[in-house]
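As a starting point, one isolated chain is supplied in structure tokens, in the form predicted alone.
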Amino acid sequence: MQTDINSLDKKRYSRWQKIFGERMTKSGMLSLFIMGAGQLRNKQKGKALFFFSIQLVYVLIEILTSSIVSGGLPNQPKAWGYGFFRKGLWGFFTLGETTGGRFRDNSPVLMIEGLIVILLLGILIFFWIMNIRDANQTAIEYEKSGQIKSSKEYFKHVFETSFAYVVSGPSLVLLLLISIMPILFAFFTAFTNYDAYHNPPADLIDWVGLGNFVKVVQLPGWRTTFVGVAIWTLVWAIIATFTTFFGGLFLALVVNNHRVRFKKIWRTILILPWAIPGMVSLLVFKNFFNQTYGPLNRMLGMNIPWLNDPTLAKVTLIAVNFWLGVPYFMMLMTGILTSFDKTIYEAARVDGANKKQIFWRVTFPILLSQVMPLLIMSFAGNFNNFGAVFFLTNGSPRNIAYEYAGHTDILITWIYKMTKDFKMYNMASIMSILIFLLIGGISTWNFMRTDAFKED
């Protein structure tokens, strides 16, 4: 047992060694408390100034934004006098304490400020570890060799070996604040009671842990809606992807056939649906399929509920999406087919293969390997194809068994309704997380199986 504990301690110690260096030197200990102090002990003034200036900027921001400098306002809450970083952390963990009056707290704003602070502190921790590691390694190398690099040599070495990271550093910081922070906000909203009954800034919101996830699992209405909408979303994404793919492939093969004349004219006609803005086409189709006033029913002399019957509305939705999406795949297949090496076909014919065998054993496998990444992206796009559903059916017809969703709603339109129409931000965030996990998992798994990924 003691042996196991020693072995575990040794492993933990090894992990710390990988982070901070082979062992903790006096220079490393100095940098542990004051960034750049270890480098100053190692007589590297340039590096010392660099690391110390980073810590100084953070300290100055904290001091200059606190009531120590501004003095604060009369009767303001204590937290309003905190500095930028302290107030950000306080706001993130409490989501505010005061409602109404002059000094009311706004919970979503506090959460956003808190996330920004956490990300900025993460950057500080990165440089803090880098500073300790550098001080340690420099001190150890000096003990072994008696030589030490100047700060100028160090920065030159970093610039030459890590040029890509140096120039992309500011972009990465912007990426954290512009892209990662909104994702984190949506993620953490799923763990709050941010809904129509808690509407900031009139009300504060609170952390509820996994309570919202329990609702989705335990409450029959939410569970039924989620399962039903998720299944239809998956079915929709698969059918929409494969119908447009094989439809485009079929049209490309037909147009490229040597018997077809005026190929350019045919391609121009077939690409027109893609050239027209999708929203315009969908609104035209919505009127075209109207049960009462639609031209289609009038021409047929019938009263077919194209968009009002649950099953028929789904079929109509898939058909319209096929009309909109097939030109893209047709042009894509045309481009790939015309780039094939003709000697492959000649070799297959010499081996005795007929046209059917050449297509299924030569053309199709090569074609599939080249378009597989695009096919996966198309699946992900159809999974979140908001426009097609919203502008054609708006999720209708209504499903009385569902919570805030209709028969043709997919997850993304359900989320839109929950946020815009019913202010159920917390439940919408849960669905966003589930979509992210589902799409991310499926896409990653498929990408890793493609030839394009393996050859990279």
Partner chain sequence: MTVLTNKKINNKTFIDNVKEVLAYIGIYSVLLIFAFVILYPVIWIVGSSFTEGSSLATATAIPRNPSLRNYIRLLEETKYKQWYLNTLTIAVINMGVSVVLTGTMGYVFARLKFAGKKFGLLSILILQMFPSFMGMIAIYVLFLNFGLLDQPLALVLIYATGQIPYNTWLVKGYLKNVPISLDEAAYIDGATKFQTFKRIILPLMSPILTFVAVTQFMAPWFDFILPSFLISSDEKKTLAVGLYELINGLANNNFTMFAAGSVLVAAPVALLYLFLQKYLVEGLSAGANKG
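Numbering follows the first chain given and starts at 1. Everything numeric in this text was worked out from a predicted model, so none of it was measured. Rigid core: the largest C-alpha set superposing within 1.5 Å between the two forms.
A second form of this protein, the form predicted together with the partner chain, is not displayed here; the remarks below concern that form.
A.B. asks: Using a 4.5 Å heavy atom cut-off, which residue among L368, A196, L174, V227 comes into contact with the partner chain in the predicted complex?
C.D. replies: It is L174.
A.B. asks: Which one of Y416, F50, Y404, Y58 is close to the partner chain in the predicted complex, taking close to mean a heavy atom within 4.5 Å?
C.D. replies: Only one option qualifies, and that one is Y416.
A.B. asks: Among the candidate stretches 306 to 314, 276 to 284, 80 to 88, 138 to 146, which one is within 4.5 Å of the partner chain in the predicted complex when only heavy atoms are counted?
C.D. replies: Result of the contact check: 276 to 284.
A.B. asks: Answer for A37 alone: is it within 4.5 Å of the partner chain in the predicted complex, judged on heavy atom distances?
C.D. replies: Contact check for A37: no, nothing within 4.5 Å of the partner chain in the predicted complex.
A.B. asks: Would T98 sit within 4.5 Å of the partner chain in the predicted complex, counting heavy atoms only?
C.D. replies: Judged by the heavy-atom cut-off of 4.5 Å, T98 is well away from the partner chain in the predicted complex.
A.B. asks: Hey, in the predicted complex, is I19 touching the partner chain, heavy atoms inside 4.5 Å?
C.D. replies: Result no; I19 lies far from the partner chain in the predicted complex.
A.B. asks: Using a 4.5 angstroms cut-off on non-hydrogen atoms, would F213 count as touching the partner chain in the predicted complex?
C.D. replies: F213: no, not in contact with the partner chain in the predicted complex.
A.B. asks: Would you mind checking 349 to 378 for residues with a heavy atom within 4.5 Å of the partner chain in the predicted complex?
C.D. replies: Counting only heavy atoms within 4.5 Å of the partner chain in the predicted complex, the contacting residues of 349 to 378 are P373, L374, M377.
A.B. asks: Determine whether the C-alpha of E346 shifts by 2 Å or more between the shown form and the other one once the rigid core is superposed.
C.D. replies: For E346, whose C-alpha is compared between the shown form and the other one after core superposition, the shift is 2 Å or more.
A.B. asks: Any CA movement of 2 Å or more for I442 between the shown form and the other one, core superposed?
C.D. replies: Shift at I442: 2 Å or more after core fit.
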